[in-house]
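Only one chain is included here, represented as structure tokens and corresponding to the form predicted alone.
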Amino acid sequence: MRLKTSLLQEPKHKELVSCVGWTSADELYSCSEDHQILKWNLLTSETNLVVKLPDDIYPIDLHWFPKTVGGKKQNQSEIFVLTSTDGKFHLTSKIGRVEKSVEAHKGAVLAGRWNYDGTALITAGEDGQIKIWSKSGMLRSTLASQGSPVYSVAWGPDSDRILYTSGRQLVIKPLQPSAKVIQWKAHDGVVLKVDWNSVNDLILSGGEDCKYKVWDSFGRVLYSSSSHDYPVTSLSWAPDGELFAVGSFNTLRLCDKTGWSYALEKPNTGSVFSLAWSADGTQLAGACGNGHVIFAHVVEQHWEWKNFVITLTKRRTMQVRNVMNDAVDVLEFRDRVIKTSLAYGHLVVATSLQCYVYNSRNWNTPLIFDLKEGTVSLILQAEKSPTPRHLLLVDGAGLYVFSYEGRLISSPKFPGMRADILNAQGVSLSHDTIGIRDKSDEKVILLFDALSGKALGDGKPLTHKLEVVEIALDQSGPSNERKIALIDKNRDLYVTSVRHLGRETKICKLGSMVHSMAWNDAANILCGIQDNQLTVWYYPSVVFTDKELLPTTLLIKDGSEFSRAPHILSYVGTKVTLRQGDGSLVYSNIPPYPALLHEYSASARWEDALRLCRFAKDQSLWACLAGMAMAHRELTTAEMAYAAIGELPRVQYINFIKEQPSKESSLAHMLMFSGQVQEAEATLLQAGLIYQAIRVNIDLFNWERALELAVKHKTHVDTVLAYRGKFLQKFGREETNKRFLQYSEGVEVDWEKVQAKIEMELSNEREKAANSSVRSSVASRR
């Protein structure tokens, strides 16, 4: 990826250009110390003078009033705020008429920024004050006052916090008076420029120490660049939060959000004082010290999937290369390409007005459908072979699920939705479900049916105990077994079921210190970066059947081949693609056997699964098979798999389950095997097997519950007392429980009678089971 820059031969401005701002994707305004405001049209390459400002106004900063809020167009006329050296800011219309000038600071007004919905304006001055104004220019409050000039200021993602510079320090100040202020030393020189992105919640800063740094919103440094030749005079996040640009003397740099640099340009610009991205994130403009305005657009982005490599060669052209036979196809588009996704054998390209869907078997005839107005900021794809397939588009207005034929399937909505700040970590799509992390309460994950757009189940969202950082839905298997994996802010990885019919959601922990994760595209295998190693969970659902097997089902790859902080890009087939901290790509291969095992268990080919495990001779595969067989209640296979990993107590318990007199008892003991005690008891009570329900509680030493059931159903009270007596006798203890003392006075315990009753219960149960099986076979014959 790199920047393709363009400069005119002669500068249009006679003096230094101080600020630039886009009105639309192809129109830019620039302000200069020659008092001129120029309008640049990129389609016609024309430059027109909008207005010549009075000679006493030297502009410093410009920011356009936000055009859209949550996808709705603002009805206010197009205005921008212009700050100047005389201590005023000017609300100026598109034709250059100054609607209102406001005395704001003593000395120059160094920065002016609207918040994301345009309800407030913040200004920062040379006098060290930061003030908040209404959109009509009335002073609301003075937020801060300090002894040194405030060079740069930025709003937090929800417009509830302010980031500003204070000498070498950065300060995050919440608007609530009582909330805690975060302040830290950021650079070794004065901090000149900051920016805060609302999608990824990361902060950028650049200073006179010639470095730029990336921070999280708690003030922890995520990346610090090496020292450049000149101070960093400007920087700006791309709207989607994936890239940022840094400007310095004769220097323009394009960087990834994690800090490493994609490309470095050395144009003849002087210092770049201001950088602005167009709303679709494809173009960049810079205000240059020598009177030029530099334009740059992002080209040579790469996408890979299996044997295809796709490159954006120009703004409207892509090249598709098949590495198997070196065949090359060129794709042309009518408008400029904004977002692209390549997965499941399909390429989805969103331009400014249309969406193109290509099938990798035929690059000549794409399916094209029109998009509503709004810039696409995210594309996700899902597939269930052979059908249905669909893709999710996110733009400023909302989320839309389309089929690959271009039909709108659904558009999920929820209260307080801000589609403009959704990113790939906070949204996940599978072929039947959409998961969205709620931005207003980050502990909540909203789940929707992809085909109807309605909330899943009873409409209650999934709530975790901590803020969730990243979510991912698994991609294969039946809908009722859909799982979602999530990483919370403690960096713990959990997995839970998406569709839980009336049951309490069980959120099970898979690991800790997990920084990045991805599901496999074809089997429910999960990989993650844990500490500094690559961990693959061959069968994450094992936590629901036998969580003690989990450590055995892992593949752990040593992290010595990775550099600092690798991040998983994709997990397709047997290949995991990782992006290292320095931007280089590393590939790691995973054995193909677990995916085969998933396939066999899904189609109930247990003989093949056993053969595969015997062939591979791998303990982790046997452990996976044991978990899968127990989940599918395939006891014979499970018994063999547990025997192969030496789990003899479990083998004995499986034999005990097989010997149960009725199906209901077997089912209950399988639930017990997975630790679902209440479900097991409920199953037995429903089937009228009171003795078995009591016995389960006796075996678990739940004495009170056993007695409660016996008394409630007026049966086997003596059995409970007999076993309780035996238990206390074994440990040489006296009875102290009042309820047991009360009943033992009135009930006589005779072991022979108790044994006879138990035998009677079991024979009745066998008889009942035999009768029901005879009845069912007769019915089936009829």
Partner chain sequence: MAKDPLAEAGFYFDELNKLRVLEPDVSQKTSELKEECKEFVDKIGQFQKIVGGLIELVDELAKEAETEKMKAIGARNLLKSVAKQREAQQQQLQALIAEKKMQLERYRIEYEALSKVESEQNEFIDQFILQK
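Please read all numbers here as calculations on a predicted model, not as lab measurements. Numbering follows the first chain given and starts at 1.
Just so you know, the form predicted together with its partner chain exists too; it's not on screen, but the next bit is about it.
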Can you tell me whether residue 465 touches its partner chain? I mean in the predicted bound form, with a 4.5 angstroms heavy atom cut-off.
no
Partner contact for residue 586 in the predicted bound form: its partner chain, 4.5 angstroms, heavy atom
yes
Look up in the predicted bound form whether residue 580 has a non-hydrogen atom within 4.5 angstroms of its partner chain, and give yes or no.
yes
Quick check on residue 253: any heavy atom within 4.5 Å of its partner chain in the predicted bound form?
yes
Can you confirm whether 40, 281 and 494, the three residues that make up this candidate site, all sit within 4.5 Å of its partner chain in the predicted bound form, judged by heavy atoms?
no
Name the stretch: of 612-620, 375-383, 124-132, 644-652, exactly one has residues whose heavy atoms fall within 4.5 Å of its partner chain in the predicted bound form.
612-620
Out of 264, 682, 367, 221, which one falls within 4.5 Å of its partner chain in the predicted bound form, going by heavy atoms?
264
Of the options 260, 414, 656, 701, which one has a non-hydrogen atom that comes within 4.5 Å of its partner chain in the predicted bound form?
260
Would you give me the residues of 204-236 that have any heavy atom within 4.5 Å of its partner chain in the predicted bound form, in order from first to last?
229, 230
